[in-house]
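In structure tokens, one chain follows: the form predicted on its own.
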């Protein structure tokens, strides 16, 4: 067993992944012909002349993302209809065929420049599925796609993420299934944008398994090495523009991807963090009929605290409207979310004393109170780890006076992998220690929101199960901000049903790829 655990903890993130997990919240912009036709999936036959925003302002888009508390944005440079938001050489079905700026516009350039202006990172979404290009469903299409990648990664400055949708609906147009040359795509991205993470269908970030904003309760970064391009994307993503997407809810593929029991069946492992992608509206593209259907702040907070606060990345969609602006209702929500995040960070309480098992030299318990890291490598500047390996690790935190506390943030130093498997938090209410939270995984970020705030001056973190000894870079207590996380009643049932439904697929793909 010791050898197996050594293997698990030998799996660590690369620099790209560490930086992205630090900056764990980004914004999606779904924008294109669908914005003007009211569709979710275009068929590649719409006349580009319908694309005619009269007040487009990408500064407003990016400022909205920044106000929401995000670190970067990702633009749908080409969705499934094949329409390109930049003047590409690969097809005439692009922005130059529209009335926008008399055919001289370039939305990709505008968004990238707005990102530079506001200090935000810029990322590109480029759908491999193309319902317009005549080469699609032939080997020649891989050349087309690589040329489009080359244009996007060579002409628009630094790109922090390339988001590759796995949808492949050639059958809808009576065509043969396109064989995507994933290895070629990945190699090209690594060459042209070596610092960019490849997300969704890629080696750096995996899809969480649903488009409803639901993260797993136990999210592991160390998972079996299965095919990057096969993550049940086609089965679980939106399939058609039939109005049913908004009713879809959660389709979590499998609730456990990283426990000891699950990993014991496989030989090869990778560091593969999950990303939760979800829209602030029922659809991904703008629809006027949904102006009063924008999510509430409470809904977004549930998503934020269970994704960013649950060892996952968050990609939140704000779709620009037909004027080329983010709608005022969406802007209002973005500001509310950003204010909440900013205010909550300021509620970090000053720790008077912290006690823990004898530390390894240079990594004392006080190191957990510092939240600083190297911007280049993503590694923390300090961390705590005990000198010896034990079965249970108890860490006591004292405040100078009693405060009303409703959450604790814990972060592992993932340069030593992800290790904590089970933990509890106890609060001293003056009479006894009361358990206020229990959890499993921590990873790069766990925000433990209590069911009810507690008035206390002492909390104790007990790590009751760990892969060897823990490496903790941050442990913080926060004053009550009134947040209560409620999970929808249907979630557990949906999770159970889909876990059974897709178990055969997961095991088939892992058997296929993990034993090589």
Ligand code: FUL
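Numbering follows the first chain given and starts at 1. Source: prediction; values computed, not measured.
Not pictured, yet referred to below: the form predicted together with this ligand.
This chain is displayed without this ligand, yet in the model of the complex the stretch 163-171 from 163-171, 380-388, 326-334, 101-109 comes within 4.5 Å of it by heavy atoms.
Contact annotation: of the candidates 458, 30, 66, 469, the single residue with a non-hydrogen atom within 4.5 angstroms of this ligand in the model of the complex is 30. For the options 219, 130, 277, 412, the residue carrying a heavy atom within 4.5 angstroms of this ligand in the model of the complex is 277. Although the partner is absent here, residue 211 lies within 4.5 Å of this ligand in the model of the complex, judged by heavy atoms. In the model of the complex, this ligand sits beyond 4.5 Å of every heavy atom of residue 281. Residue 80 belongs to the set of residues with a heavy atom inside 4.5 Å of this ligand in the model of the complex.
Residue contact with this ligand in the model of the complex: residue 125 places a heavy atom within 4.5 Å of it. Shown here without this ligand, the chain has only 41 in 41-59 lying with a heavy atom within 4.5 Å of that partner in the model of the complex.
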